[in-house]
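Listed next as structure tokens: two forms of one protein chain, kept apart as structure 1 and structure 2.
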Structure 1
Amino acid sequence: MIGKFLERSTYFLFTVPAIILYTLFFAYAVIVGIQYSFTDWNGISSSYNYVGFSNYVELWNNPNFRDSLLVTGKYAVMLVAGVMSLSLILALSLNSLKKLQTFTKSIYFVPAIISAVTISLIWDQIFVRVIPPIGQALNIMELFQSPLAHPKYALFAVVIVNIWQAVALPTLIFIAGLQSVPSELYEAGRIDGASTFNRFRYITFPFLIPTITVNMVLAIKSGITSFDYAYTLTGGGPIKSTNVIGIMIYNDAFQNLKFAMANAESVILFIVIAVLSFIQIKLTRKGGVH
């Protein structure tokens, strides 16, 4: 009797642990988060009031939030540009390597396995100990101190550290894309007298479109939601020059006693990411040769 019941409900029982964990720690959390964004809770007090959309209205008028969005946008654009161009160049170079290709690839992949915190701390030291001597030798005023201490260069420096780590995976994805191009096409192109650039433009590139989409979306999303690098390297400063939205949410929630406001900020981030994910699904359904 019990055996029969178990057999008939095996599939259902298989779904139970996942449903419980996912509902409690994911779905419920999303709903509670949205709910908090309509309150005035500071995160500590025992009670709070519902205040409708006033957090959102306040954000709309808050220059700090606008600045943070702008910084995040700049961060994402620099990250995407750096990651896409470098990983494509590296993939083309690595893919045409005959000797030691596996070995070279495994060196290029090392940054991807180390934690962002350790990488940030190492680069922090490099910025402090290597850049100022160079600046003094070349007598460039801006480089007398770590670029992280300079409001004008801090964001760029943080992005460089992020790029240093983030290039590895897209490079390998591009290599996989390059290896999907049938070699006969290159032969045909060569016989027809196509130049190196034209062979890239008309043969390689169309085959790369799916991988370009994958890498682009990964880079955009990680740029917009980035936290670890800026938090470890600068904490958002100097003068909020690296105050990306991830840091603003964290600080508003846990330092500035604006817990409900931080939830409203993250709901706005949610909308941005949801739209991007939707575009990603649309794009990956058509594009490319595959």
Structure 2
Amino acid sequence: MIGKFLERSTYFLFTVPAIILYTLFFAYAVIVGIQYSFTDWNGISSSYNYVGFSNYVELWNNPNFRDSLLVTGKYAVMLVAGVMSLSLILALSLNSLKKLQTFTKSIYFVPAIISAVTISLIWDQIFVRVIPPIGQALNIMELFQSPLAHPKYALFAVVIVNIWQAVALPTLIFIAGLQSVPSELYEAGRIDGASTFNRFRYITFPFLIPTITVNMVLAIKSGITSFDYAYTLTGGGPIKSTNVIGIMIYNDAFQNLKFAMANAESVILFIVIAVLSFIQIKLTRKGGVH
């Protein structure tokens, strides 16, 4: 009895450092951030006043905030659609390889280990130096200049860069899900004369529901909290066409010295992510393999 208690105590002690770090740098920070959202703190002063829900009321009446939420929504929808579809296609293709599968996987995973700023700077040069000559050669007027300089195409260009980097990890997760499907089911499907599409629909897809849930939650969170790509490539322009909520939070906190307002925006963003993730998990939990 004493031996089991000491063993369990030892296991618990190994978790203590992680619990302390999580509490200090996440849980406590979140609680303090919510507290500051009900103040008028500018991020510098040693004193501040509690103003209740006035920051949230001001945001509700702020058209720039609503526009930023709309831009963020468009960004998230395009990112989720692009990442989910491309990663699934890549996973199906890579999983069917018979030779050099590990080498090919590593090639597709390379973008995931490069920083977002580095990727943005590389793609900025591609948009400026490569795309315009191609547009001129093909006589496509929309590509005569960098798409980042056009309000109509800037957001789409930023999303393409993000998808290029973000598709790597979901692809590996999908591959892991595909490898968990029993091969006997595919054999039975072939014997019964099921087509490739039907085998995917009735065998593969149900087993992929858990991985779809994980990838979609990660993609939604990445899209809604996007900041680095839009900030590095466009700074929120042109004409605020890429002014996602992350950029607005950054500007209010560190340029406009509205730290309390930025915290209120962050709290709203947190609530949006939590609600969307909860709904998405509930919807996907209804299907799949149980």
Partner chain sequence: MNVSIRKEGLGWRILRNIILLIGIIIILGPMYLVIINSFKTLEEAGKGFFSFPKALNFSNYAELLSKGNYWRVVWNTALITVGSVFIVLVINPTVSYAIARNRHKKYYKFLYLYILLGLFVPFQVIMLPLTKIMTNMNLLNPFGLILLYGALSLTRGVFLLVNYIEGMPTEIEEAARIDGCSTFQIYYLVTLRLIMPMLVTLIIMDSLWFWNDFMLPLLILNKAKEFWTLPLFQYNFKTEYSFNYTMAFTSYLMAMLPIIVIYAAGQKYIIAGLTEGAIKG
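Basically, rigid core = biggest C-alpha set you can superpose within 1.5 Å across the two forms. Every residue number counts along structure 1's sequence, beginning with 1. Just so it is clear, the model here is predicted, and its values are computed rather than measured.
Where's the form predicted on its own, in 1 or in 2?
Of the two, structure 2 is the form predicted on its own.
With the core lined up, does the C-alpha of Asn251 move 2 Å or more between the two structures?
Shift at Asn251: below 2 Å after core fit.
Any chance the CA of Thr39 moves 2 angstroms or more between the two structures, core superposed?
Thr39: C-alpha displaced by 2 Å or more between the two structures.
Rigid hinge motion between the two structures - rotation in whole degrees
The rotation of the smaller rigid part against the larger one between the two structures is 12 degrees.
How much does the C-alpha of Phe278 move between the two structures, in Å, when the core is lined up?
Superposing on the rigid core gives a C-alpha shift of 4.0 Å for Phe278.
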